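Form predicted alone, single chain, as structure tokens, below.
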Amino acid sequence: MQIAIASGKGGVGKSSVAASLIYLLKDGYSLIAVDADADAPNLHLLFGVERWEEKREIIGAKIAKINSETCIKCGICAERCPYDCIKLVDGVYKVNELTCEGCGVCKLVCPVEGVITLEEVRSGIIQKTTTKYGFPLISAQLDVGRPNSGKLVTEEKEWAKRIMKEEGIEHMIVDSAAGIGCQVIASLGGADVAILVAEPTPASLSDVKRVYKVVQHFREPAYLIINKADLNPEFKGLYEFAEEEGIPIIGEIPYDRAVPKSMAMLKPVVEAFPESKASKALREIAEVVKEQILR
């Protein structure tokens, strides 16, 4: 079973919910966790990870290189660059490696063959560790200004699948990134179930609708968790959306100051404050996940 936890909107508590569910399920099931937010990974922080056992570089991005010795300084490359990343610096045309997308326009328009080349560079890293709780965690870190966040997530999941096969692990739980971009698509692709996390606000409703369209594209069953459910009791949009689309609401979590406190302690809230309001709600949700999804 591969479960993807997504939200569309950032800041709704998706990773906090994911960390707590992983913590609550770890003793009854063999599982591996994947942090699929290559731009801003933080699942390892919630599990207090201090070191990584293995790191792998992912090569795939390309950037332009200009040979200053053979360049005739016509400036056509700078004029045509769609990302405005080629500038004349001290009489030499140079490429800003942080903004270059490797599109190849400069190479195409250069009148002198071989002056401009596209060179492969590192997109980022994926890394693995065994948490203090005993389950493996795979995370990714996209390099600054590099594309291919979706490729990093795909590589993470492929690594996780190999570990599952080698170690006989049953389930993969993927903490997706916010939004509906490449890494979210890579997170949801191949999943058996999507658990959507939202808060009772118009912005969260709008974004969870968008990510649900991605879930529908992959024809995956979806479930909804409403976080901070008591902050805006007059707002009924999430309930109406769930009813219209036939999405089961598997739990509501009240706003609880114990959650940010637990994050500062580098622990899931269900471990740091097991008797808190949020923890009690999360334990109920974990039971529903066991009964309705993992059974």
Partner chain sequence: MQIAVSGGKGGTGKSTVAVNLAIALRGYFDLALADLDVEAPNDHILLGVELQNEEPVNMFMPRFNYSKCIKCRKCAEVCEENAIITMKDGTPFLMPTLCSGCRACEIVCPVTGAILEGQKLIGHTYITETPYEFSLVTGKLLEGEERAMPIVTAAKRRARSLNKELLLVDTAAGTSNTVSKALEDSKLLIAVTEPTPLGLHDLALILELARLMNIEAWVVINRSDLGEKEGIEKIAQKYNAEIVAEIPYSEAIIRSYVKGEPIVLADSKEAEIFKDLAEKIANYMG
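Positions refer to the first chain, counted from 1. Take the two forms, find the largest set of C-alpha atoms that superpose within 1.5 Å, and that set is the rigid core. Note that the coordinates shown come from a computational prediction; the quantities given were computed from them, not determined experimentally.
Below, we turn to the form predicted in complex with its partner chain, even though it does not appear here.
- Residues with any non-hydrogen atom within 4.5 angstroms of its partner chain in the predicted bound form fall in just one of 168-176, 143-151, 129-137, 189-197: 143-151.
- Its partner chain is not shown here, and in the predicted bound form it never comes within 4.5 Å of any heavy atom of Pro248.
- Its partner chain is not shown here, but in the predicted bound form it comes within 4.5 Å of a heavy atom of Arg80.
- Residue contact with its partner chain in the predicted bound form: Glu252 places no heavy atom within 4.5 Å of it.
- In the predicted bound form, none of the heavy atoms of Ser30 sits within 4.5 Å of a heavy atom of its partner chain.
- Contact annotation: of the candidates Met164, Val121, Cys182, Val115, the single residue with a non-hydrogen atom within 4.5 angstroms of its partner chain in the predicted bound form is Cys182.
- For the partner-free chain shown, Leu231, Asn232, Tyr255, Arg257, Pro260, Met263, Ala264 of 230-265 come within 4.5 angstroms of its partner chain in the predicted bound form, judged by any non-hydrogen atom.
- With a cut-off of 2 Å and the rigid core superposed, Leu224 has a Cα displacement that falls short of the cut-off between this form and the one not shown.
- The Cα position of Glu113 differs by less than 2 Å between this form and the one not shown after fitting on the rigid core.
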